[in-house]
Ligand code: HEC
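First, one chain by itself in structure tokens, the form predicted alone.
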């Protein structure tokens, strides 16, 4: 090989990096970094300053080093394939980080390890970092597990093959597709015995959750609202919620003029919420079942918030579980 050819071969990766980084758009990188489509900031800090994961802001990495760290991480971080974040998106991220000043010290972890944490919780927070995105008690993963009556094999696939397992999970439940935000953990960095310890903690201590959702939408005539409660679990496998109480908190002075649906209990005062609430009670709601109600309020009234609580299955503390009711604003008219 001629000397010039040897030099060109040696320099080619650096030319590649320069081209890729030159095509990156810092504003596009910032927009994606701060959006719901990327949760990298949960580990790496809101502005790339570092936290559970290393700092990225102002680091003197080449683009190829950055790309390699995302596609084939050498630490515990999951790997993100190009069908999850394209090379263009990585170039935009890189340009954004290059536009930021370097930091002298990382920020605090988003989810620290509580004092006297059980072994399973310590592993999922500190060893694998799951809780940095999912929270200290992994509400989302426990709900996904409850939706399908999950076994350990399901949990392994969701950890090691997440970028394919999560779309399959959504498809089975009939959920809307969306960007998969977590990558694939390495079996070496996240060995199966560690997963088993975390799995037992989620299943036995925290308990799986019923995948209930609820929303209120404006209907016609004016002042009437639809209230829907759904169990999104897989029929025959998902968990059933029992002894359900639905309550809608009303703003002061709001009057309910009519309500429909079995189990309506009327309006009562809730001292804990310091508000009058319209209440329904439902004995049980199994997978793929839903309940629909209406509530009509007098002119000038408003629904402030809502909660759905169920006593069975209880959370790991033995207390009722609950979700917030999504209050959707009325559609805008031109």
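Treat the numbers as computed from the prediction; the structure is a model and nothing was measured. Positions refer to the first chain, counted from 1.
Quick note: we don't show the form predicted together with heme C (HEC), though the next part is all about it.
J.: Determine which one of 243-251, 222-230, 125-133, 258-266 lies within 4.5 Å of heme C (HEC) in the predicted bound form, judging by heavy atom distances; exactly one does.
T.: Among the listed stretches, the partner-contacting one is 125-133.
J.: Between heme C (HEC) and 54, 76 and 140, in the predicted bound form, does every residue show a non-hydrogen atom at 4.5 Å or closer?
T.: The answer is yes; 54, 76 and 140 each reach heme C (HEC).
J.: With heme C (HEC) left out of view, choose which of 309, 288, 31, 59 has a non-hydrogen atom within 4.5 angstroms of it in the predicted bound form.
T.: Looking at the other structure, the residue within range turns out to be 59.
J.: Here the chain is shown alone; which of 212, 91, 206, 182 has a heavy atom within 4.5 Å of heme C (HEC) in the predicted bound form?
T.: Answer to the contact question: 182.
J.: So, in the predicted bound form, is residue 80 in contact with heme C (HEC) at a 4.5 angstroms heavy atom limit?
T.: Because a heavy atom of residue 80 falls inside 4.5 Å of heme C (HEC) in the predicted bound form, the answer is yes.
J.: Heavy atoms within 4.5 Å of heme C (HEC) in the predicted bound form: does residue 95 have any?
T.: Looking in the predicted bound form, residue contacts with heme C (HEC) do not include residue 95, since no heavy atom lies within 4.5 Å.
J.: Looking at the partner-bound form in the predicted bound form, is residue 293 within 4.5 Å of heme C (HEC) by any heavy atom?
T.: Because no heavy atom of residue 293 falls inside 4.5 Å of heme C (HEC) in the predicted bound form, the answer is no.
J.: Looking in the predicted bound form, any heavy atom of residue 170 within 4.5 Å of heme C (HEC)?
T.: Looking in the predicted bound form, residue contacts with heme C (HEC) include residue 170, since a heavy atom lies within 4.5 Å.
J.: Using a 4.5 Å heavy atom cutoff, which residues in 150-168 contact heme C (HEC) in the predicted bound form? It's fine if the answer is none.
T.: Residues within 4.5 Å: 154, 155, 158, 159, 162, 166.
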